[in-house]
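We've got the same protein chain twice here, in two forms, each standing alone as structure tokens: structure 1 and structure 2.
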Structure 1
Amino acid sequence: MEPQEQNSRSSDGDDCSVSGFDSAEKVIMKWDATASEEAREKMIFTDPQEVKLYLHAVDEIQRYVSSSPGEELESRASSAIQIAMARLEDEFRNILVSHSSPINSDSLMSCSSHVEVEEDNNNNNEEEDNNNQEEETDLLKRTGSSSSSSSATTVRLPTGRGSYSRSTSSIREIELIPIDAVVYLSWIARRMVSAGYLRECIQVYGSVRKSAVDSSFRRLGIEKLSIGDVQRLNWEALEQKIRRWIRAAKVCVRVVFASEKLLCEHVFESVGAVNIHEACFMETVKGPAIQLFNFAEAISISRRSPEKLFKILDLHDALIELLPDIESVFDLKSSDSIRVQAAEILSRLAEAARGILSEFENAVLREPSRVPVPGGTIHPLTRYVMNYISLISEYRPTLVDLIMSKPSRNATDTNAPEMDFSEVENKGPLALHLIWIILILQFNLEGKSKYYRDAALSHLFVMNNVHYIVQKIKGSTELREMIGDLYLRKLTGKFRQAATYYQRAAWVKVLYCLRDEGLRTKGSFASGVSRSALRERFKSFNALFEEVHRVQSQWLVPDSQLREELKISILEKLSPAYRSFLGRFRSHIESGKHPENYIKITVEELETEVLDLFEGLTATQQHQRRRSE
């Protein structure tokens, strides 16, 4: 197909070769655009016949140049070559330009689509979670999508996980330029290089292809954001951009850059010298590659705050996944700086993740809100922290590699709990951090519980929150594995103890009314019951019980099972005590005046009232309930 270079036949006689030269020269001059209007109007490379003739002419002249034919011919030859090269340069540019539309959007979409489907599923979950978000403290206002719904069972799946393949089989080169155009380009390239016009060739190639890459970038939604721009954006907007960048970067490295590299190889294949296609490739993609990574770099530099952890880990994971592809596509010495930049960004992201974890821990320890949560229910901090560490446990594969040091406790800080590391010898640093976070959460909650004026309520608060912690741990296999059964038992013991303290604080006075001593008059056993004292007792009991009932119906134990258990536990003490008290002393009251003022409820009614407890009912609601009974 390619116009053959004729064998040198100069030994056959000068006439032949000179006329060969003349006709070749004529062809070249014919197409000299600076000289002829017609040459400007038409393109050589639209007509295969003309192509053949022209390239044949160029080869012929080139032969003369390299065979030192004598001064006059040499000068004409060199001049003709220059004109030919100028022409070929333009033809080269023209072919490139007319075929360099940005990558077919269909190709781009199909490449990114399988990744997109994953992402979309996760996006939907996020939106739901956002709608279910509970009211949270200031610390948490910036949480955005990192804290999930209040339900213990729905946990957000992190994005971009799953296939952890580290192979480069994910590279997909596509045809950027139709094959016949590529053939023409390679024919021209060969001539230009052998005539010594390599630099011009590379320059034209690079400038046209680079602008094609830029267009593809625009189609992929890659923006030219400065570091300042990134700092100014709010985190929700940045999360979206990060998501988009991850999708786009995969397509860029695996499709766009890989395809450009292949194209360079094809165009400059037959050229001879090894490094030419490498130089062209770098000319084309170096700028865009740096531009691509600048965004990830800007994210890795941004200010650290807890809600950023998971997107930063996503970015980190995406880069790790891309690293083999980056190494494979940018395997030249001249592309060192790109590989180095990718590695730098990766290490900064890792550092950022570590820093954010530290900051999170500090924030939990120092979270300062003092307003007691009404009803002693679960504090938003508890929810936030437990959701956060549940998510951390899902990112375990990544974080286990990143978190390498134990949690540090400022030795002089008296306002923090102790941590005995000897008990947890077998645990890795990540697990230690999670245990530490739970410890400081508890510590903080203990502090908050002191702001309740009612001691019983503060114990209830502790019980509720520690119970929630336990439930969350049990609800996640990863978390449970890392925290370990030892600590789980400790926590369980903790909330059970709090329940006991609550009962004591809340009911001791009530139960005190039902005791035996002090009611019998001195001396005889048989009839010595002081009716007045008994009446006082009944009155106190009724008043106290009513008070407890009124107040504690407004308290809340969100977990239904715990609520029931607590009520049962109360009844286990209260019911028999009241029953036996009634049994022993009701006759004394009933034999006197107005027994109904003293014995106001039956045992059954008592039990029913206890059922009202911890439902979080307001006074009006209680009243309405009573009305309907």
Structure 2
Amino acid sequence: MEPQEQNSRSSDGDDCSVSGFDSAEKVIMKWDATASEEAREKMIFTDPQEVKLYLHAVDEIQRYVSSSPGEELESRASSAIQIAMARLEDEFRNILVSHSSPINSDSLMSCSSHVEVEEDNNNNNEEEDNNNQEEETDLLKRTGSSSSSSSATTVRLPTGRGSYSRSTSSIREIELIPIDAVVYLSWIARRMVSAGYLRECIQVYGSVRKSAVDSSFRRLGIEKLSIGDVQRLNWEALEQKIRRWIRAAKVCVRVVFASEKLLCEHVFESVGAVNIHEACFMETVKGPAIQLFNFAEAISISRRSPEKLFKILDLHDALIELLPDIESVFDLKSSDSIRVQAAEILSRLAEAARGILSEFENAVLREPSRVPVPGGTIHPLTRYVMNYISLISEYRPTLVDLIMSKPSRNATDTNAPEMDFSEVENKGPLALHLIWIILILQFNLEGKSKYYRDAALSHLFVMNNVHYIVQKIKGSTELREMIGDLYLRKLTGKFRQAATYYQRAAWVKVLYCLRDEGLRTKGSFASGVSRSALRERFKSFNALFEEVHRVQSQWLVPDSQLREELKISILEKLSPAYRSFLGRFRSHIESGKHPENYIKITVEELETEVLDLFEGLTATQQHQRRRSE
């Protein structure tokens, strides 16, 4: 219980009791650290009895100061108050320092985990399970209490000022300083403010508690980086720091800052000075809060590039999730700047995300590489773009709110495809942007296909890449839902059309050798077939097929199912045609000289050769395969 003020006025009308003043002055002087070695070495607030005596003495002296006791006593009282306030300031600082070790990092992360688990349960409208209760018990140990039945269990201050811990669904205040020390701090603060030492009180409190907050920041891995420092970091290092920042920011706002605010309220609530707890809170956390949010601000205004989009969205999601807690913790008039900074950062992160998406679209359209990929396989651009938009689809809940306008084509840009969204007019802006990205990717790939000298390989390249696009869409539930089956069928038709064009370009000359035209002749040859023309036809077929096999074995269709389907499609045309041709004309060759020079391959061997196609084999590998067979 706090020492109560005692009335020292005498009943006979004397203004003050000189003997009471003398006793109080004696107590004050006893603890004058400038005059006594013992006073310098010992602290008053380690002994409850000494605390009671000293605070009574301070109260007595203060009454003399306010009661105009006369010039001599007034001078003595003023001097005693100065000594007492210097002593109380030292005691105030000592109590704070003694109990201002940084929050244990395990406890910080335990609180963070508890917050995340509780939020998930709140979102699902489910009751907490036993595991959550265990985490809550661990948290409540930090607040000096334990309960398995209520997440709002509180510790009552002995002064009766209310609960020490108040909990919301996300804010988790913990006991930073033991309750008995909080009570001592409050008693000292009231007397310092009453004596006119408000500024000194705030400065001491703020400097000590800010050091504790800084130590907690270090344990959470939050570095003191200027905006310039952040912008100079390479992206790989920055990604790691962003991940750490997101986790740490939740703990800082919901645990560290919230607990500091509550501590301020309980230390200064009964002091009487207007808004002193606000001033002390801001003195403590304004610098760390600015340091914390400066990191996110630096990211929001940094140079835009496609690889930054997803971490910017992670930051945006984390900040928008934290915003209610920021507004709750920094709800004071003096902390307007913190709330405004957080809101502005959120807005800039949203604008950065929109800008990056637009720049990504332009980058896809204008990707300049002209060197054809070997074998007509999937272009690195295709893989990159489709992996990118698959990730975009995973951020759909966020981006649906951020992307509000449809994509638009610059009317003066002749190097961009025409846009016709009539078939997908029911789609939202985000889905239309993804369809537009796929459209400009195809447009770019069509341009790259023209760098192949072989028309068949050009079509194979388009087939491979559009097929990859289709498979990536089918492989993502979110992406498929946004693109829609109608546009997916259109893309499927596109790669099938490319496969048809490939077969025509690659095999028409081979199949042309297996026609009857030009082989029949009038004359002495009883069958009406020109043996010389037939021999030339077989020689042409053999040479063409051998060349196609040699070249196209080096080409690549990376998707195994598509590769087999394409081979089957080729054989469905080639095998019957060759079998029929042999059936009609084999006897004419075999009845002549050296038939082995003209019929070099059986139907079965031809089918085996076709199965070698699209494996990406070099000439050496093809030779080694033949030898092994």
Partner chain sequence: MPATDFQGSFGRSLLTLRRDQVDSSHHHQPSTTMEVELDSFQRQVAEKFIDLNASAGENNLLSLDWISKLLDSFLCCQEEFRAIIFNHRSQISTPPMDRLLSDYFERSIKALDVCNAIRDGIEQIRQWQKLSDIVISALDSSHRPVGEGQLRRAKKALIDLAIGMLDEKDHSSTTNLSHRNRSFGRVKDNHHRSFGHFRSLSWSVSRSWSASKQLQALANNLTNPKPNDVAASNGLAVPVYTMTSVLLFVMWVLVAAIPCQDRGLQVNFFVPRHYQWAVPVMSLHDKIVEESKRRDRKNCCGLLKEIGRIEKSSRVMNELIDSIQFPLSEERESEVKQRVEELVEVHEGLKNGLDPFERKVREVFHRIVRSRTESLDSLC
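None of these values were measured; they are calculated from a predicted model. If you superpose the two forms and keep the largest set of C-alpha atoms that fall within 1.5 Å, you have the rigid core. Numbers given to residues start at 1 and step along the sequence of structure 1.
Structure 2 is taken from the form predicted alone, while structure 1 is not. Relative to the superposed core, Q49 undergoes a Cα shift smaller than 2 Å between structure 1 and structure 2.
With the core held fixed, I570 shows a CA shift below 2 Å between structure 1 and structure 2. Taking the rigid core as fixed, one finds a CA shift for R584 smaller than 2 Å between structure 1 and structure 2. Taking the core as reference, the C-alpha deviation of E37 between structure 1 and structure 2 is 4.0 Å.
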